[in-house]
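Next up is one chain by itself, shown in structure tokens, the form predicted alone.
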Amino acid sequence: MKPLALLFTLSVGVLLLAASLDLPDWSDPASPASSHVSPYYIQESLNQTSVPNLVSSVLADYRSYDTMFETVVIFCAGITVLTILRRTFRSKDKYILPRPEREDADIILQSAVRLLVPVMQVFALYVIAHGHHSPGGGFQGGVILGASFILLSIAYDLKTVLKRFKENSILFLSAVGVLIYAGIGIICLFLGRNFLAYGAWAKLLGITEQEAHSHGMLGVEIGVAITVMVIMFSLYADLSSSGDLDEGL
């Protein structure tokens, strides 16, 4: 079976390498992307979306389908790790790295983290809220939010964070983020436009279509941030505790 799998993998690799020969050269100005697609985005993005951040308008508007399914991939990755690792019982023979008791914890580290985490989270919210107008967005803000919970888990312990950020909430919010993204697109369908055609929100919100595109991008960025935040923390919690959600690192 292994030789057959190896042969199949090599065959697919050869086909992919052969197909890559038909691709245009890197940064070729005569390629379709450089001569047709990119100039259109550069010239029309601000007029159509009212968003000065060209990267965000491409990711969250022109190719919003792609970004939505990237969010779904993150969600599936987190659920897969949870399904494989999560255990509802504690293995007696599980090897646990020695950890200091709570009374021996590093007070300086914990105090520093208590001061740092609120700043991280406020900055993350700014990155999410302003990401479609300046560098940032849902992925970046979600990572910063997730990192703040991971930092708390390392400075204190996993149980302390899970008391405030329970596993049921993690599962619920991971799905909510994806549903926010898809829900915005579905509402566009009910308003008589295409899926994720944010201009449909113009009449509903009493704004111009360009502003509706901007607001729509903010909405999907919020959905992305929620999913990225909870899945990132969930991956840490399950991997660091071997699925027990007990000791952590």
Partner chain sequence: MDDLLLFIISKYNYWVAIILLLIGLYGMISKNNLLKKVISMAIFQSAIFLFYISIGTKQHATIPIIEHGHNGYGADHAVIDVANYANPLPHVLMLTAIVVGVATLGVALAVIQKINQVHDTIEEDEILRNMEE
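Quantities reported herein were computed from a predicted structural model and do not represent experimental measurements. Numbering follows the first chain given and starts at 1.
In what follows, reference is made to the form predicted in complex with its partner chain, a form of this protein that is not presented.
The contact with its partner chain in the predicted complex, taken as any heavy atom within 4.5 Å, belongs to Ser134 out of Ser169, Gln110, Thr160, Ser134. Using a 4.5 angstroms heavy atom cutoff to its partner chain in the predicted complex, none of Val122, Phe190 and Leu245 count as contacting. Looking at Met217, you'd find every heavy atom of it more than 4.5 angstroms from its partner chain in the predicted complex. Within 4.5 Å of any heavy atom of its partner chain in the predicted complex lies no heavy atom of Trp201. Interface membership of Leu115, defined by any non-hydrogen atom within 4.5 Å of its partner chain in the predicted complex, is ruled out.
Its partner chain is not drawn, but in the predicted complex it has no heavy atom within 4.5 Å of Leu152. Note: Ser27-Phe69 Cα separation is 3 Å or more longer in the predicted complex than here.
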